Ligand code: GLA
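Only one chain is given next, in structure tokens, and it is the form predicted alone.
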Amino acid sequence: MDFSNEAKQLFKEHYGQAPSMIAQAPGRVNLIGEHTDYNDGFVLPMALPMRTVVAFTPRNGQQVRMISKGYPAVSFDLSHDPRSLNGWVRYVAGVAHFLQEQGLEVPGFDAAITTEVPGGAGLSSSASLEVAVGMAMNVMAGSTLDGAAIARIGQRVENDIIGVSSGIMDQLISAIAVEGSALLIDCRSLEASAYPIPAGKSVVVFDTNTRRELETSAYGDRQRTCSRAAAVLGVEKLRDATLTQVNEAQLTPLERRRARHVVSENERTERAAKALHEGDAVAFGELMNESHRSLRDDFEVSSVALDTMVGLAQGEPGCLGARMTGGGFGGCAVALVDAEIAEDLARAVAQKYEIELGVEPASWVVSPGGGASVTTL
């Protein structure tokens, strides 16, 4: 079933009428450039075909009523502090709060939400929700905020409401993705350039079916260590440092490893964009492999499940490179493979992974999708 249709049907079943608008925003997979976004560095994500869809209609008053498949109906008042709420409603209330803070008159509304983006897999399920509802509220308020502004609001929700000190990559790629291309994003300036995936190559996403929550993981520890390292190096962010500085500064061994990953990952990401520009899939794949080694050894955010999945993918003929993707400690891996054998490779890796770890994974052969949009029905 088309997910737009499913959201419309859920809306009609719950509210007894058809919605007036549909907003949608994709999840994402990051091809390279991990833990660089909150260091003002470079990332190279692409939007996924999996989407979060919001069917909605404005209503009088300040009450927001929502239904999402598999969850009880929820509601909140737009005057409430989103920090006082519990569960996934905080994401929606947080977006409304920060839009109102900017002077937008967000009305109450009814909404039905459906999603294909798996939660906790490192594929930005929360960012796709933030961007989709942000686009919807932007239209209902009669505003013309652009994708970058919506993305910044989503980031503020993560940072200030949810308590995850993340960068802007997830929300920005969800908002402004270009179909058929990955985007090289400068997380300081928010400048973005599109680079198509090389002809004859496909991206495969492997879900290890191991989960982590960023609020309770070591994500915050990594960010704080990066901040300490930047202070010792005398730079605003690690994006401004060089490997020579990292190697020569009076850093602790832990700070040196963390900084070395970020600085080298920024360099790899820029080189990866150049490889895409030149259609050099072999060079791109090797950079993916280097990235995983750095995330595993220097940044220490991989896991047994991720290392197993990546190793199995790298060992398959036709795989040019593979790495963990997302915040780490669980979730997904991503690989660049020959398109003609992509489906067979995905099945082979999944079967071997299940035999080795006793966990059934999921996998998807994906092409870069477009960004968020709102459609009036």
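Note that the structure is predicted; figures quoted are calculated from it, not measured. Note that residue numbering begins at 1 and tracks the sequence as displayed.
The protein also exists as the form predicted together with the named molecule; that form is not presented, and the subsequent description refers to it.
The closest non-hydrogen atom of Y38 lies within 4.5 Å of the named molecule in the model of the complex. Taking the partner from the other structure, the named molecule in the model of the complex has a heavy atom within 4.5 Å of a heavy atom of Y219. In the model of the complex, the named molecule sits beyond 4.5 Å of every heavy atom of S291. Using a 4.5 Å cutoff between non-hydrogen atoms, M169 counts as a contact of the named molecule in the model of the complex. The candidate stretches are 63 to 71, 340 to 348, 320 to 328, 49 to 57, and the one lying within 4.5 Å of the named molecule in the model of the complex by heavy atoms is 320 to 328.
Residues from 61 to 85 do not approach the named molecule in the model of the complex: none has a non-hydrogen atom within 4.5 Å of it.
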